[in-house]
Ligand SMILES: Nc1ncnc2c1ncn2[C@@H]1O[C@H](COP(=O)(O)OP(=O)(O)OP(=O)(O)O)[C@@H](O)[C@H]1O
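Form predicted alone, single chain, as structure tokens, below.
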């Protein structure tokens, strides 16, 4: 039996009198793509924020790589191999593609006692990984604000691959993207799987989720109402579950 990479048990969260998560169990296996779906207010973002240290759970336990954990910040989660890519992609618009690829993890070189950023090596590594993934960005010196939505998602995913994340969480990665960009993002998520990296794909677009997920988890008003292999359900059945209440 495969040991889960992530296991969240009996997770509860209250915001004042609102019971946002009601005893949710959630797990992700190594190299698995899990679709996390539900309407607005279902608890998807709250569950992920608890996992990644943005907010604490009020009750429940979390295990990562078999060890009980409770991350105190997203930085701590990232340092342990969990990368979250939000709709905003967490990229710095006024920095170059290269600087964004290595943001917070810059490569340095020593000149005597002085340490400087190794721009040449970072640029070369950025070109290599983006080219390897089929992402054609004209220049690594280009500021990210001039990149398309699909390119921005690609840079964020490439960064997670380069730094060998164990789990990548994608929050609405295809929203507001054109058809070609959506196809590229979905292809990159499959590439994560081929490299042994697990993913949680959060989206309102069931067609996008269904096209790539191995398993789909449905939340409705803070409760898990379904957890099923993709091949055992359909978009129609998932839609019924989401709107049934």
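As the structure is a computational prediction, the values presented were derived from the model and not from experiment. Residue numbers count along the first chain shown, from 1.
One more form of this protein should be noted, the form predicted in complex with the named molecule, which is absent from this view; the next part is about it.
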Exercise. Closest heavy atom of residue 35 to the named molecule in the predicted complex, within 4.5 Å or not?
Worked result: no
For this session: State yes or no: in the predicted complex, is some non-hydrogen atom of residue 151 no more than 4.5 angstroms from a non-hydrogen atom of the named molecule?
Result: no
For this session: Answer yes if any heavy atom of residue 52 is within 4.5 Å of a heavy atom of the named molecule in the predicted complex; otherwise answer no.
Result: no
Exercise. At the 4.5 Å heavy atom threshold, is residue 61 in contact with the named molecule in the predicted complex?
Worked result: no
Problem set entry | the named molecule in the predicted complex reached by all of 20, 45 and 204, non-hydrogen atom within 4.5 Å | yes
Problem set entry | Stretch in contact in the predicted complex with the named molecule, which is absent here, among 35 to 43, 66 to 74, 22 to 30, 189 to 197 (heavy atoms within 4.5 Å) | 35 to 43
Problem set entry | Within 155 to 192, the residues that have a heavy atom no more than 4.5 Å from the named molecule in the predicted complex | 172
